[in-house]
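Coming up is one lone chain in structure tokens, specifically the form predicted on its own.
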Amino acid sequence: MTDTKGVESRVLLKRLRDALAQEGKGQERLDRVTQLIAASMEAEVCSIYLRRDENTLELCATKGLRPEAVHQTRMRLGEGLVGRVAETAHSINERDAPAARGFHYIPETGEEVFSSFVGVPIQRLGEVLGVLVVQNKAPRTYSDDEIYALEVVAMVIAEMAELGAFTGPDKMAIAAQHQLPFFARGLVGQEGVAEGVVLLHEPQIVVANPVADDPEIEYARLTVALNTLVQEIDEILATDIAMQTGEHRDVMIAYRLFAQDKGWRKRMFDSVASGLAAEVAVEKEQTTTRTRLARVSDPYMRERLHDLDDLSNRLLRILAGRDDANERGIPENAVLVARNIGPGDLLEYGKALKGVVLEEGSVGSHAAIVARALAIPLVIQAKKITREALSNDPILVDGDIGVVHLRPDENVAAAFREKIAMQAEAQEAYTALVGKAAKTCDGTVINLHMNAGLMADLPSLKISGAEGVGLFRTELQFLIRSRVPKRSELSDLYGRVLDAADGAPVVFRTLDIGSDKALPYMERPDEPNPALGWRAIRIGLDRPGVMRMQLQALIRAAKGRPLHVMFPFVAQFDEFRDAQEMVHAEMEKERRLGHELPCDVKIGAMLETPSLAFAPDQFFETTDFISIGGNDLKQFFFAADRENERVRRRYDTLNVSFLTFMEYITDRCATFDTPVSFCGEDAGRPVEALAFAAMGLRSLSMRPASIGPVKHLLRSIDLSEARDVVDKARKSGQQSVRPALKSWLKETGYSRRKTP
């Protein structure tokens, strides 16, 4: 277990621990650290640079450079050798530093007389906090053992910085971790605003004593923890679903191999041998993994590095004896902060959360789907939020524009609370509209329905004033489980949904999986473009077992009540006809079994592909209703992947071409008296809803919280005037009617009118 390198590191670390244990302010502690390292390594210079802000390093302590340069010398990330270490998170070892590429001469330090240079990053969990530098006058190349010792020391400095060992009331205030306000601009995952306190999904583990008293004990602790880790993975592999062959089992087997990887284990044991506590040894390896992860573009390698990162998190929890967040309890006004999260975990937190902030994620991810179902504000891709946040930190989440304020100053918080108050005031006005129709000033009635996917959504039916459920996403019950739900479980759920609807219509969309909705227990095909691949009704028709089971559950749940079934992602008439025949076949089977049948069955299709708009007349004659699936239809219409931030925002829903297409679909449905609605996020945006109504759509389905604002605007306007504005904008050659509609609303003051 031991070697010369380890013995030398342990001696240095114990001296460092003793120096840090002495009383004194942050600056005094940091000065002692530089003096100790310089003496131990027989170096003429030892300096510590810390991050002042996102782009700047500041010389905070030195032994050997001019003292007056401390807190005066600053440099940008990437500037000079020190800046390069911080920017790349890699050590630099130069025999003749002044002659090295990128050397930046700073006169006030006096460092030009020192030839040899070694700089190592002070980092924790992939975040560079500063740079540790050692220099000598004589040209020399530092050995691997010396660099390793400095890396170990830098890890301890990072841990002590996390504990606040170097903070002070003076210029060392820059060393304070997790105290200053932090702002993150991400992407909108789910609209809404929330003020609360941070609940970390993966709590940060800060080690009070990063230097091991007894390496033998730490070696044994790490050995036991690694064995426990493998045992946990073996238990997962032994479950019924994991025993089935498929990609999911291959992934877990690969995961187990990573947990047993000799190189990964050796690097952690070497760190323990050098004098680090077991937790810090794991963090040191995890830091290296995250640094590599940030620089790897290959999807396969990124996935493998993600696995190593996740294994490190599991190992840290085992070492620290930590329970998960749910077992610790959820604080009041909790805002969940995580790197990423699965749908099952998010549903376990449920509506107890005020908001969710993810460092990763996408607008079409499972977490985003669940957040929308729970009507929880969600911001995704908020960089560095998990590194900056601590549990119970105050946090503001603005899902409307995709920004997060962590530990906000009072001015920001006051402005944010004013926004919340204004929205609450508007919500009171919307509440007064519950029970009233969305009837325009010229007498046109627009039917407003809500989207749902969970039982928890159903109370919103009456509260929001929705006339029914225009879309119930049945796939959520499949996504959150580790196995296929039983028919009896689904039948019970669907029955309770109909009970809660209390006679209002509910449109059940059959299983919409594939693309970005991968079931954990179903083999996922390797497809170059999953959004255009094997998904939704295509899976249901190719593998009819699950679809038949789901249809049986729906029929039994109806218990003599009306039933509305809708098939997703229908691209051509034959697909719909085959699915329709499957419903009729299951109805006949249920009749023969003597089960009570629905009093009426309506079978519809989601129009999400442009091809279906041009289907034969027989399709429009045969289908009982059509729901335009705006999210998918828009990406196919504009050939713009809604998961690709570079292109998805370039195309406006109120584009003249898209609205003309909506008008074409509406007119074609009217020809055959086929009911048609628009379902999707855009339906819940008042200006978009107004434009859809102007194009002839008389039914819209949206999230419950959007019904009030949409109804308020529709009851305030003359739809024929709005149509004139849209037509004029279309004829003028404008690309979008949005500017014309917004200008008209502003000029006429419709949006400020009190509704009748």
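Predicted model, so just to flag it, every value in this text is computed and none were measured. In case it trips you up, residue 1 is the first one in the sequence shown, and so on.
The same protein also exists as the form predicted in complex with phosphoenolpyruvate (PEP); that form is not shown, yet it is the one meant from here on.
Participant: Taking heavy atoms only, is Glu159 within 4.5 angstroms of phosphoenolpyruvate (PEP) in the model of the complex?
Facilitator: Contact with phosphoenolpyruvate (PEP), no.
Participant: State yes or no: in the model of the complex, is some non-hydrogen atom of Glu111 no more than 4.5 angstroms from a non-hydrogen atom of phosphoenolpyruvate (PEP)?
Facilitator: Output for Glu111 is no: heavy atoms all beyond 4.5 Å of phosphoenolpyruvate (PEP).
Participant: Could you confirm whether Thr141 comes within 4.5 Å of phosphoenolpyruvate (PEP) in the model of the complex, counting heavy atoms only?
Facilitator: Output for Thr141 is no: heavy atoms all beyond 4.5 Å of phosphoenolpyruvate (PEP).
Participant: Could you tell me if Asp457 has a non-hydrogen atom within 4.5 Å of phosphoenolpyruvate (PEP) in the model of the complex?
Facilitator: Contact check for Asp457: no, nothing within 4.5 Å of phosphoenolpyruvate (PEP) in the model of the complex.
Participant: Among the candidate residues Asp393, Asp270, Glu151, Glu475, which is the single one with a non-hydrogen atom no more than 4.5 Å from phosphoenolpyruvate (PEP) in the model of the complex?
Facilitator: Contact residue from the list: Glu475.
Participant: Have a look at Pro121, Gly629, Gly399, Gly540 for me and say which one sits with a heavy atom within 4.5 Å of phosphoenolpyruvate (PEP) in the model of the complex.
Facilitator: Comparing distances to phosphoenolpyruvate (PEP) in the model of the complex, the residue within 4.5 Å is Gly629.
Participant: Quick one: which of 603-611, 353-361, 458-466, 332-340 gets within 4.5 Å of phosphoenolpyruvate (PEP) in the model of the complex, going by heavy atoms?
Facilitator: In the other structure, the partner sits against 603-611.
Participant: Is it true that Asp31, Arg51 and Gly164 each have at least one non-hydrogen atom within 4.5 Å of phosphoenolpyruvate (PEP) in the model of the complex?
Facilitator: Not one of the three qualifies.
Participant: For the stretch 680-717, I need every residue with any heavy atom inside 4.5 Å of phosphoenolpyruvate (PEP) in the model of the complex, listed N to C.
Facilitator: Heavy-atom contacts to phosphoenolpyruvate (PEP) in the model of the complex: only Gly680.
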